[in-house]
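Consider the single chain below, provided in structure tokens and representing the form predicted alone.
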Amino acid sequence: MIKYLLVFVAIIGVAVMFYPLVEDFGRSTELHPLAQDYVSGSVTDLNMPNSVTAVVVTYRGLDTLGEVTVLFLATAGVGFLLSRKNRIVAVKRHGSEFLKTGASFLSPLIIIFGVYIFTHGHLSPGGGFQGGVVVASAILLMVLADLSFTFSHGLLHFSESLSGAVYVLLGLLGVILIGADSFLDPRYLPMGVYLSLFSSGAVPLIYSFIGIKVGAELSSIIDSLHEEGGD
């Protein structure tokens, strides 16, 4: 009885906290001045049709750097927790021929699609994080289809380290070539033709290395889990 009473009180408390937000809710007829600056600046300053990418990569680039760092720490934590010596040996299973054939056909297409997403993040919805997740999903599909599937740990770690270092270097080039307050400012490269692939300065390069880093880190987590249980 006490448990249900506490749940009821908690629900009432949450309702009281959110009621002022609901009561004062109104549909905006125009953008906030800061949002308007972001939207107009993405086109006039960065030559970029995707305003979300302009915010994520440039205007709030330090936040993106923090997110990449958090993902790296999560990957390192998973690897540390699964690195114990006494591992549980799981029962091995073998993927069906149907699953193996489907994975061998779909995985390359999924990887190509992931690469497309993070190389075109400045032109269309998507970007480095989304593309990296799609690439990692192809790795997961291959692991599920064939538990004997393995890939190079050295290649994963090299890709992750190199892409992270280049990402930070691309950000520092903005500081070196433009000014002290221009970290991850992509305008040190030619802005190109609007709506073309090679446009928006260094943004395609930045997002590409973010995609490689995210894909490598998530693939490393998949590999750690695969080696731990084998199933």
Partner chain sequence: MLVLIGGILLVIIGIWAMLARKNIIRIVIGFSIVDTGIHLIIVAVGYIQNATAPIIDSAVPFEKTATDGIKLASKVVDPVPSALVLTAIVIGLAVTALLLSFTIRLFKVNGSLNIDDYEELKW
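Source: prediction; values computed, not measured. Positions refer to the first chain, counted from 1.
Below: the form predicted together with its partner chain, not depicted.
- No residue in the set Leu141, Thr150 and Phe198 has a non-hydrogen atom no more than 4.5 Å from its partner chain in the predicted complex.
- Contact between Pro125 and its partner chain in the predicted complex is found at the 4.5 Å heavy atom cutoff.
- Interface membership of Tyr116, defined by any non-hydrogen atom within 4.5 Å of its partner chain in the predicted complex, is ruled out.
- Its partner chain in the predicted complex is approached by Ser51, whose closest heavy atom lies within 4.5 angstroms of it.
- Contact check for Leu162: no non-hydrogen atom falls within 4.5 Å of its partner chain in the predicted complex.
- This chain is drawn without its partner chain; in the predicted complex, the residue among Ala35, Leu172, Val193, Ile178 with a heavy atom within 4.5 Å of it is Ala35.
- Partner proximity in the predicted complex, defined as non-hydrogen atoms within 4.5 angstroms of its partner chain, places exactly one of 198-206, 54-62, 162-170, 179-187 at the interface: 54-62.
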